[in-house]
Every structure is written in structure tokens, then in C-alpha cells.
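First, one chain by itself: the form predicted on its own, in C-alpha cells.
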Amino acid sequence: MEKNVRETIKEIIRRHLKLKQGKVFGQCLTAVGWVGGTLPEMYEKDGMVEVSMADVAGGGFAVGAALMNSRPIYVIRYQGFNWYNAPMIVNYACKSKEIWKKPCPVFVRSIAMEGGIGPVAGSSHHSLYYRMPGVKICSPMTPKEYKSIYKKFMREDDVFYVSEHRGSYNNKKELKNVLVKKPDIVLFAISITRFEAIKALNILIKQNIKISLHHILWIKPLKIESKFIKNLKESKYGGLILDDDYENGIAKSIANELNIKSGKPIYTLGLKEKSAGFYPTKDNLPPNKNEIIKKINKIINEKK
């Protein structure tokens, strides 16, 4: 039977602990829910290490384990907690290979979600890691993508920041790029916005607006197929970057790179420039299909 993302991660973790003798570090791993059902019911004797609620310390434990060649998986249950968890990872693990010729491979499972969880915990925060050397950043939203990035981690010796999203856990389908000749706009979607981009595209087609869609898996180093750069050059109005992080980060950096390569204007759409609250009217959610459509129509109308 076809596995969804949740089941895929769970199986990868099981194999990592049993067959690779690896370690998994994190807070409340064995609590009710097993981190959204992504962990097998295994315990410390199996390599599932519960760390204290002192957030800054957790990253240090994972880095120490990586230096002992155990290839740890470090689970951060809410991406916003990276403000506390990241220091040892970005300032030691990411630099160790370059400075001391000692690789320190950590697989950081950084899990995003939003909606009623306040100004710190919610949404994606991959931009926090983006500016630091020595880290690879990806955002898998499908089972095959997750398998591929884990295999790559096990072959290499770098720090991997894996920007997950709980909204992808039930997904069983692979997300295919859409390439149309001489599009009006090319969408480049990251994280959970990839699902809304597909919905928006299907509506825009009915409005006779030609849209190409490139799903971004690898954020750093940025991997975009050359045929989409060519497609962007042929577009009428340029491109639009969609992200589940604030626009003043990865989205604008990618926009600048694509602008240089294509000579086309590249727009961005991500989280609003505000802090999220704890109830619906104060949430700060990633762009949905309606917001994407509104943004595209605005771009087109302003250029007519």
C-alpha cells in the first residue's frame, strides 16, 4: 500500500535506529502522538533520546553525537524554536568540516505548522539557517522526496536542515512541475505553499491565464531546472516566489537570483509582516490559493 509522508518518515526513523545504529534527539519524542505520528514506538534503549526542555542545550547534544559519528536526527517540533535550538548547529556543526576538517553531519527535522500557536512557534523559519555556510536546506513535501533527501544525507557529511510541514504528513502523491510554453507567470513554490499553488493554477487555467509551476525541493544549494529558467525568460510578466516564511529572507534572495538569470521581474508572496496571535483573527498563515490568485491578477493588471 502506498505510504504517506508521515508513514515514510516513521519508517526511515525506524530503519535509522535499528539498522544504522543512529540516534534521534528531541523533546517529548515518546509523548502522546509521537511527534505527529512520525516516530516509531521506540525508546532510549533503541536510540530515541529525550532531551530536556532547555531548548538551547538540545542542539549541543545532537552536535556532540554527530562528532562521534552517530549521524543523529534532531527533531525540532516547532520551527520557530530554532531561535533557541540553532546556535550550536550553525556555529559549530555547520563550520566544523571547513575549519577543523571534522565533518559534523546532523539531520535537523524542523517541523512547521501554524494556526493558534502564537508568535514564536509557528510557520517555517528556514531563512534562519539560509545565511550560514556549511548547511544544506531542503523542504520535502512528498514520500519520494523525503526518501531521497535522507539517502543523500547518509551518503554525505554535511548538516541537513529539513524544513518539514505537518500539513504534508497525509500526502501520498508526488508533486509534478507544470511547464507551459510562453507562460504569463512562472510560480516557484516552497514548503506547504506548493499545495495551494496547484489549486491556484487549476483556477487560473480556467481564467485563460497561462501558468508554469516549479516545485522547489532544494533551497540551498538552490536547484531549479534549466528549462524553467528558459521558461521564465519567455514569460510575459515574470515569476512569483511562494513561501511559508517571511518574504524578507529566502524568498527575496531566490527572487534576486532568478532576476539576474532571467532578466525578468520576480515577485514574492509569503507570511505577512506581522506577529501571529493565539486565535484565528490574529493568525499569520501562509498564502492560500485565493491570495495567490489575487497577487497574480494584480501583477498582470498593473502591467497591462
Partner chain sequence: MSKEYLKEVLKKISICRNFELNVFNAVKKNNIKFPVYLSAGQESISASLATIIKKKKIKPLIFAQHRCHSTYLSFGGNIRKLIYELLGSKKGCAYGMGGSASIQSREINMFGHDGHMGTQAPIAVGACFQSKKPTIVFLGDASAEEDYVLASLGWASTKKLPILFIVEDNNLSILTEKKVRRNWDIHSVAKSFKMKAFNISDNPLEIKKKSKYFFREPILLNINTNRLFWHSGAGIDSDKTFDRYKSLRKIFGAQGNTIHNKAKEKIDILWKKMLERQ
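Keep in mind that what you see is a predicted model, and the values were worked out from it rather than measured. Numbering follows the first chain given and starts at 1.
Absent from the display: the form predicted in complex with its partner chain. The rest refers to it.
Against its partner chain in the predicted bound form, the set Ile266, Lys295 and Glu302 makes no contact: no member has a heavy atom within 4.5 Å.
From the list 89-97, 186-194, 165-173, 230-238, the contact stretch for its partner chain in the predicted bound form under a 4.5 Å heavy atom rule is 89-97.
Contact annotation: Lys102 falls within 4.5 Å of its partner chain in the predicted bound form, judged by heavy atom distances. Using a 4.5 angstroms limit between non-hydrogen atoms, Glu41 is distant from its partner chain in the predicted bound form. Using a 4.5 Å cutoff between non-hydrogen atoms, Gly64 counts as a contact of its partner chain in the predicted bound form. By the criterion of a heavy atom within 4.5 Å, Asn248 is excluded from the residues contacting its partner chain in the predicted bound form. Only one of Asn259, Ser253, Thr30, Ser70 comes within 4.5 Å of its partner chain in the predicted bound form through a heavy atom, and that residue is Ser70.
In the predicted bound form, its partner chain lies within 4.5 angstroms of at least one heavy atom of each of the following residues of 39-53: Glu44, Val49, Glu50, Val51, Ser52, in sequence order.
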